[in-house]
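Only one chain comes next, encoded as structure tokens, the form predicted alone.
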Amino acid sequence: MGSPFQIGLLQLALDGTPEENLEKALQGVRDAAARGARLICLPELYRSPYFCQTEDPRFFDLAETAEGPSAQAFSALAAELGVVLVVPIFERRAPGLYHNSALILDADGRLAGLYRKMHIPDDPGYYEKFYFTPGDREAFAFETAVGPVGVLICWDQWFPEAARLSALQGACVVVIPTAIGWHPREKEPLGERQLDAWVTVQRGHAVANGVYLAAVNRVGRERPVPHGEGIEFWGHSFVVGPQGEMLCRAGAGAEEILLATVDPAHLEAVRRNWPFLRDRRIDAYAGLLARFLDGPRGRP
């Protein structure tokens, strides 16, 4: 059983150039580490505005390799500060092959793992299938200096299977870099309902799996397409405990550094009393591997 540690989330506005966003994120990591954070996470695709609001081949030029500028800068900073970092990048894996990825950098600066987003959306303003190939690795949790850390990215966070696999691979905390917000015309009629659904499902993942869960979002209205309406990213980054308890939560419009304590001993105590992993009926779940089960199966 590991020792308690502080997790830090950087809720940022990221409408600058890649160089400006990199410098802002580096300073944010320094500030979070100075306040005691030992595991620090950035928002999804931190290095640029959220370009997936349109399909434009020119945006492929924003991509970098897993050994590129982000890896070099944050690896050095992780080693300098002795912190674990989750750094989401637009990864160029090969010519014509790109991923929405996250570098997991250990406290000595080495690469502890690379997570590639598994579930890729294709919705108005979120045209990610144009840019990203789904992840093809089965790793959802990574061993680090603070313990096993699960990583999902944005759309992944809606799928109970992804959170479950993170827990089954030993994660004590699941961190979720995200870029989620409102289409301006939807905010008034649907905004509160959408935000509440996002928070509710993450709390459910934490409870059902007995893990800490941390979701970090960006803020601000971004219009990478000049004639477009843009997206208003709703912020509200948060950390919940293994019973769904809200440990900290940011506001809607401002940049913030959130801090919360992850305590493996508390996680152990919760799981002893709510032993969901013990009581799973793995012999009865074969149907989960089907796309859909046609017709009811409950007839004797």
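Start at 1 with the first residue shown and count on from there. Bear in mind the structure is a predicted one, so any value in this text is a computation, not a measurement.
What comes next is about the form predicted together with a further copy of the same chain, which does not appear here.
Heavy atoms within 4.5 Å of a further copy of the same chain in the model of the complex belong, among the stretches 86-94, 71-79, 216-224, 197-205, to residues of 197-205. Within this chain, E188 is remote from the site of a further copy of the same chain in the model of the complex, having no heavy atom within 4.5 Å. At least one heavy atom of E245 is located within 4.5 Å of a further copy of the same chain in the model of the complex. Not displayed here, a further copy of the same chain is kept clear of E229 by more than 4.5 Å at the level of heavy atoms in the model of the complex. Taking non-hydrogen atoms only, P184 never approaches a further copy of the same chain to within 4.5 angstroms in the model of the complex. Judged against a further copy of the same chain in the model of the complex with a 4.5 angstroms heavy atom cut-off, the residues P148, N273 and R281 are in contact without exception. In sequence order, D106, L111, A112, G113, L114, M118, H119, I120, P121, D122, D123 are the residues of 97-124 having a heavy atom within 4.5 Å of a further copy of the same chain in the model of the complex; the partner itself is omitted from this view.
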